[in-house]
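First, one chain by itself in structure tokens, the form predicted on its own.
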């Protein structure tokens, strides 16, 4: 049997009566269970029900190995909008946004793989008082020539300088407030400068996203919902939910007992809107525009529940927030401020060095490109090993190890399998020669994807792929293709082909580009 079910377990757990003849219960249950396209034989043993899998299915699948499972029919399908990454414009892409980017990409890939229509949205932080500071600061410290030479570096320097100035200069603070008010009132000069900041930022971000293998269908932002944010304020007023605080700000009391910690500020005292106000407007607008079935936010801070202030309920859709912890100790050789581009550069450089020192590294056409892909694989696997909501400590050396549970190990296994299946893989083989343990793992691929779809945690898929790689490493030693009888060799080759297909597909869902040479 490929699988066995103990009747004693069912009796102990209360699923079956704990009294009566256990063998009669076994035989009775066996007759009630029905075969399907996967399970081809069900029989009663001594207090055990035996199941045999239809192994012909395993050799009929190629690139879609494990993806045509009937298990996925129980999942809700439809249109899923995933919002992720969401960096702030006019700033270099900080490494702190890496987690949101790769987690959101994984969720979007997974949903798409399981048959959903996916809309990938990058909701940029492109509005708010920080642009008041930047606008006022650029008027005093900015230079258009430096902006053309190194746009985001210059804006970063201006932003640091104006923040220092605003700490002790009340005139600078007032200038920042004035600039943001001009933005909200659509002053031509203020909007033109802001638009310039936004365009150069998106252009530079797209280069970083390209390196990560990430793309977006929609680049949205807070600025898209300025007018609608004021409409949300009016809706809250009409429902008598908006109150004025002692400081003159517009607030909504979310508590049932007057607990001030549950007060949500949606309007500044000068009448300008906040992030939460624009986010409420964005949620309502998205539902009207995209008519999605579910919306998934991937952001670190726990966003205010839209339903809490009776605005989200009007959208009529499922909304899920995916929280995640911090990365501790991420540093590069360049210094304390960690930009994502520097992290990717260092991962590539370290991986290229490791490859040059390894005796097993094969000749390859573009070692820099391979090092880039393997380095990014290492970053992703280190991040996805544990629960997303937990913090984890970043470790360059452990991350880039060729042995152990790392992205480098995944890539090495895939490259090795790819060399195997360059041999001609037969269409018809003697199934009895296929190895039980490796097949059992391959058979569970759909269950792992199903589990990942339930809680949106990549750890299930990462740990499955690592387990598969360890089994394949053993199979290389114990199930040789070369020197075996033809039918045995063909069966083993098919096993390696299926494993390669599952490994490549799983890596792509994680956001990893498989390499064929390493």
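Given the structure is predicted, the values throughout are model-derived calculations rather than measurements. Numbering follows the first chain given and starts at 1.
The following text describes the form predicted in complex with a small molecule, which does not appear among the structures shown.
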{"query": "4.5 Å heavy atom contact, residue 279 to the small molecule in the predicted bound form", "finding": "yes"}
{"query": "The small molecule contact at residue 127 in the predicted bound form, heavy atom, 4.5 Å", "finding": "no"}
{"query": "Distance check, residue 275 to the small molecule in the predicted bound form, heavy atom within 4.5 Å", "finding": "yes"}
{"query": "4.5 angstroms heavy atom contact with the small molecule in the predicted bound form for residue 99", "finding": "no"}
{"query": "384, 445, 297, 180 - the one with a heavy atom within 4.5 Å of the small molecule in the predicted bound form", "finding": "297"}
{"query": "The small molecule: the contacting residue among 106, 205, 123, 131 in the predicted bound form [heavy atom, 4.5 Å]", "finding": "123"}
{"query": "Contact stretch among 340-348, 81-89, 373-381, 151-159 - heavy atom within 4.5 Å of the small molecule in the predicted bound form", "finding": "81-89"}
